[in-house]
Structures are given as structure tokens and as C-alpha cells.
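What follows is one chain in C-alpha cells, specifically the form predicted alone.
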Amino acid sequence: MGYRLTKKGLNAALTDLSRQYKLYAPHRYVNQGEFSDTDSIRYGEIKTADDMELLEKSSHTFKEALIPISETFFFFTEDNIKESERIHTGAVIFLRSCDLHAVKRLDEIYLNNGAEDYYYKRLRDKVKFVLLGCVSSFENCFCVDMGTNISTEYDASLDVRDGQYYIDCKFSDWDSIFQNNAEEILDVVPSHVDQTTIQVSLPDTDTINTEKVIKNSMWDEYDTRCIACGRCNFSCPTCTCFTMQDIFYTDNGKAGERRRVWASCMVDKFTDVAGGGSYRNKHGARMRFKVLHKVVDYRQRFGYHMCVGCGRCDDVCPEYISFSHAVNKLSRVAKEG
């Protein structure tokens, strides 16, 4: 069912939803940006339509709401282990089509790639998704080339047109909420983009000579350009790497908690192993690993690319390194054989 709502009607619907769910959407944090007198747009809990930033792209993704940056698994003492409390309240996440496609990538890794991740699943089962329509592409987006500009796997969609809010609801439990607050019932098709200013040429993963690509000198420039800050990974909706940390409450180490914490393949010590070895000390080697993982080996394993073309890695890089340009260079090198 499709509905047209005023801002007042949408706020009433959000109030009804918030009785059962926590609502997460892009939110503008004034004067909290990386530079002086700039804002930060990232995901946070919202209550009304005015809390949502719908005109600009968030620099950080929905992933913070689904996979906490630091998540406690269990608490321990010398004699006992107690699992962390389950999240009893469900969540509704408002996100763009590229990010909704990213959820499929997270599910693939955490639920289907080996044993099911218990802690991820207990959060994932309680989440609903509202697709935010895109009227035009944002800076550095290349979702069309990645095939992620259109999505149909949503519980509801939200478009803003001329100050009115248009909802396409697929989750029947919500129909009464939107219908009770709607001005009109009509057919609604979410907006999507058909072209982006940034375009990428993807390598043929069936014929690529990975050994030659690995040895190519194209990666050398990143030895000096990349500063290994990891911002590209932490802003990416499909990065899934993490590390484990034990936090001890006492000096004797017999009481504390175990946490899962986000990790990054671009930062120092990520590939450190016992005995003092490290597999990718050079920053260019880390960049090579990331690019090949996102657009080559993941597709060879699962049949689709890991990257969804959101362009956030380009947005946040302090050294102006472009992932999309790296992919295009990779494709040219791959064609040369």
C-alpha cells in the first residue's frame, strides 16, 4: 500500500512506530564535523521528521545501528560467565538503496559464511528497513555501475516531494499506522537514480590474472599517499572485520568482559601474527588487499561484488585517495594481461 502524508502525519506515524522500535536515520550533528565549524551527518536515534537529514549523504553508515562499534558479548568472573543482555526493543533503520544492498553483504558474511554469528543474528532479527529514495546521486556515488541503485527488499520506503512524504509499505503490520495518518492512499514507487557523475569499469573476475595484478606497480603510489588511518573502512557499509578485546575489572584479571570491536585492514598491526611477523606492512599492499577484496575475490566466492558504490571512502579520505579511480586503474591493468 502507498500513502501520502504531511509532516504532521509522518511525525504521528513515527511516534506510533517508536512505541515498538528505536528509529535510526541520518542525523545532522551541528558543529561536530571533522573540521572547525562543520557539521557531521551520521546515524543516530530520531523521533521526528526534522531529526532526519534527507538532503545530504551521511559520512558514516547505518552499520553503527546494526553492528555496534564496541559490543559486549559476555561478562566473566573467576567462576561464572554471564551473557550480555539481549536487545528487547526492535529497530527501524532508514537507509539508501546502496546501504540496503550492503545489508545483504553483512548477512552473507555473518550468517552464511561458515557458522552463523549468534550475536549478529540476535540484533538482525529485530531490525526493519525503510528505503530512502534518491532523486539524484550524491558526490562520489557510483551505485549504478555496482547495480545497487534499485532495491526492492524493504519493509517500507520514504520519499519527500514538494514538502509531502510518500510511503510504500510492504510490511502489513504497519499499514494501519500509515493509513491512520495519511492524507491519501495511492501507488508509490521509490525514487532511484539512473546515472551518476562517477563511473567505474569493473574487472572481469573470470579472466583476471590475479598474480600479475598483485605484482603490478600501480599499488606503489599508496605507500606514500595512504596514512593508514582506516577511515575508509570505518565509513564503509560492507566492511566486516573485527577484533576481540578482554576488559579486566581487577588487577588479577579474574573479572571483566569480552567485547567485539571494529577493526580495519588498512591500519597498523591488523596482519600481525605470533612471533612478530606482519603480512602487509606497506600501505600500498593494504590498499591492494582492500580493492581486490571488494571487487574481485568476494565476487568470485559469492557471485556479486562486495562494494556497493556509496562513495563514502572517497568522501572521508584525508589524503583524497579515490577508491573508484583505483578500481578503474585495476580494470585497465587487468585488460593488459
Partner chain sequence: MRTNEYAPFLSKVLSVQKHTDIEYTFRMAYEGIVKPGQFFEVSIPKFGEAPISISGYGDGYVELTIRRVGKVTNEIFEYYEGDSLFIRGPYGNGFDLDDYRGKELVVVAGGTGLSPVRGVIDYFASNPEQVKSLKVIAGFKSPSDILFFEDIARWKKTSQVILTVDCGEADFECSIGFVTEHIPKLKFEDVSKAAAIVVGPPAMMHFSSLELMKIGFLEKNIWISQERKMCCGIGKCGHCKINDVYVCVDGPVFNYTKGKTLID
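Owing to the predicted nature of the structure, the values given are computational and were not obtained by experimental measurement. Residue numbers count along the first chain shown, from 1.
Keep in mind the form predicted in complex with its partner chain is missing from the figure; the text below concerns it.
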Look at the candidate spot formed by 137, 170 and 195 and say whether its partner chain comes within 4.5 Å of a heavy atom in all three of them in the model of the complex. no
The one residue among 47, 293, 282, 28 placing a heavy atom within 4.5 Å of its partner chain in the model of the complex is 293
Taking 4.5 Å between heavy atoms as the contact cutoff, choose which of 201, 243, 216, 180 touches its partner chain in the model of the complex. 243
Using a 4.5 angstroms cut-off on non-hydrogen atoms, would residue 60 count as touching its partner chain in the model of the complex? no
If we define contact as a non-hydrogen atom of the residue within 4.5 angstroms of the partner, is residue 43 a contact of its partner chain in the model of the complex? no
Is residue 77 close enough to its partner chain in the model of the complex to count, meaning some heavy atom within 4.5 Å? yes
Although its partner chain is absent from this view, report whether residue 300 comes within 4.5 Å of it in the model of the complex, heavy atoms only. yes
Quick one: which of 161-169, 218-226, 186-194, 245-253 gets within 4.5 Å of its partner chain in the model of the complex, going by heavy atoms? 245-253
Residues in 269-285 that come within 4.5 Å of its partner chain in the model of the complex by at least one heavy atom, in order, are 269, 270, 271, 272, 273, 274, 279, 280
